[in-house]
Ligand SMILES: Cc1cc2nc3c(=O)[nH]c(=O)nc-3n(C[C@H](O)[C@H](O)[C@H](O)COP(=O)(O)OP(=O)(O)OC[C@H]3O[C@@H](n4cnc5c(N)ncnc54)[C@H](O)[C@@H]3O)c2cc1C
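We begin with a single chain expressed as structure tokens, specifically the form predicted alone.
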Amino acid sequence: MGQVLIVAECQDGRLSDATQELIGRGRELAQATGGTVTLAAFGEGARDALRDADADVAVVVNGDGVQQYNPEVYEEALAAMVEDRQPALVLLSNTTMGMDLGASLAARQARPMVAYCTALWRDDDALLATSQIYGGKLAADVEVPDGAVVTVIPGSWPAAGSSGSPRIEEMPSPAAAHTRVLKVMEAESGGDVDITRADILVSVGRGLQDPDNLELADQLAEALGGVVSCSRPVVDAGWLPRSRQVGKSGKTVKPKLYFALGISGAPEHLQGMKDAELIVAVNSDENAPIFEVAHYGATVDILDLMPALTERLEGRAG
């Protein structure tokens, strides 16, 4: 394998966890074949985030057109970079930006694409990937052709540490021919709670039965020193904002403790929390899929458990 090109995403002046995951695996694949790792990032703010990344080269695309995400400008820049460098593999996170750019880049460059990947490894001379299909209900192992564009679901493997000193190169951003960013709308804050940063999550699902029972979850979360998150049915019912949703269409979380209460464990939800350090599941259905990933489980009514457990925890604290 020659050059591995990784499209980086930055958050608050640092590389996102999803990007660090790509860097770790990209470095492993490159080292196995004597290849190199190149990072591509956008905007002046990305420069500091790239300084200690584990890459050989970091290309900063800079100019007026990339200070905010603009799919047309980003695609033009990446297409020029791919045309010039001819990487053997292009890696993007399976995020909103990654899915947007990956498909357009592959089509434009006539490169094969493998999306929704959860594993990427070498077997002799072949590069293989596991791709989720049918909404995560099936997983397919496929051979990745040379030059492919691959999007990887965040949380698929551990993130790399910052242990490099890449050569930083500049690339001017192309001008946008048709697309202008008129307004950036911030996502709902969910009460200024970022569930991706919480060490303890009390996550509730359909088994909550009624929005009034959210108070029981809030009290338990407070007693544990955590915050409340949820599965998609709770968001669809309007009981909690989408910023609290865990899963494929929500957020990927890796807390120290994930308390799954009344959650059946659909593949879309498991995708977002399966890498938590400790998973405790409570569901009255002993056949619920959530128990397949849980470290501990109980088949009791969560409406009985939550107040009893809260009382016990508060008593111990007292």
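Basically, rigid core = biggest C-alpha set you can superpose within 1.5 Å across the two forms. Note that the structure is a prediction, hence the values are computed from the model and not measured. Numbers for residues come from their place in the sequence shown, where the first is 1.
Only in words, not in the display: the form predicted together with the ligand, which the text now covers.
Chemist: Is residue 247 one of the residues lying within 4.5 Å of the ligand in the predicted complex, judged by heavy atom distances?
Modeler: So residue 247 counts as contacting the ligand.
Chemist: Is residue 302 part of the interface with the ligand in the predicted complex - any heavy atom within 4.5 Å?
Modeler: Answer yes; at least one heavy atom of residue 302 falls within 4.5 Å of the ligand in the predicted complex.
Chemist: Does residue 253 reach the ligand in the predicted complex, with heavy atoms at most 4.5 Å apart?
Modeler: Outside the cut-off, so no.
Chemist: Taking heavy atoms only, is residue 284 within 4.5 angstroms of the ligand in the predicted complex?
Modeler: Residue 284 belongs to the contact set for the ligand.
Chemist: Based on heavy atom distances of at most 4.5 Å to the ligand in the predicted complex, which listed stretch, 143-151, 207-215, 161-169, 77-85, is the contact stretch?
Modeler: Of the options given, it is 207-215.
Chemist: Under a 4.5 angstroms heavy atom criterion, identify the one residue in 99, 128, 200, 223 near the ligand in the predicted complex.
Modeler: Result of the distance check: 99.
Chemist: Which one, 52, 28, 56, 268, lies within 4.5 Å of the ligand in the predicted complex by heavy atoms?
Modeler: Spelling it out, the residue with a heavy atom inside the cut-off is 268.
Chemist: In sequence order, which positions of 218-240 have a non-hydrogen atom within 4.5 Å of the ligand in the predicted complex?
Modeler: Heavy-atom contacts to the ligand in the predicted complex: 231, 232, 233.
Chemist: Aligning on the core only, does the CA of residue 234 end up 2 angstroms or more away between the shown form and the other one?
Modeler: Superposed on the core, residue 234 moves its C-alpha 2 Å or more between the shown form and the other one.
Chemist: Does the distance between the two CA positions of residue 22 reach 2 Å or more between the shown form and the other one, the core being superposed?
Modeler: It does not reach a 2 Å shift.
Chemist: My question is whether residue 11 is one of the residues whose C-alpha shifts by 2 Å or more between the shown form and the other one, given a fit on the rigid core.
Modeler: It does not reach a 2 Å shift.
Chemist: Once you account for a change of 3 Å or more, let me know if residue 24 and residue 251 sit closer or farther in the predicted complex, using their C-alpha atoms.
Modeler: Farther: residue 24 and residue 251 separate by 3 Å or more in the predicted complex.
Chemist: Looking in the predicted complex, are the Cα atoms of residue 266 and residue 16 closer together or farther apart than here, the change being 3 Å or more?
Modeler: Here the pair is farther apart than in the predicted complex; there, closer.
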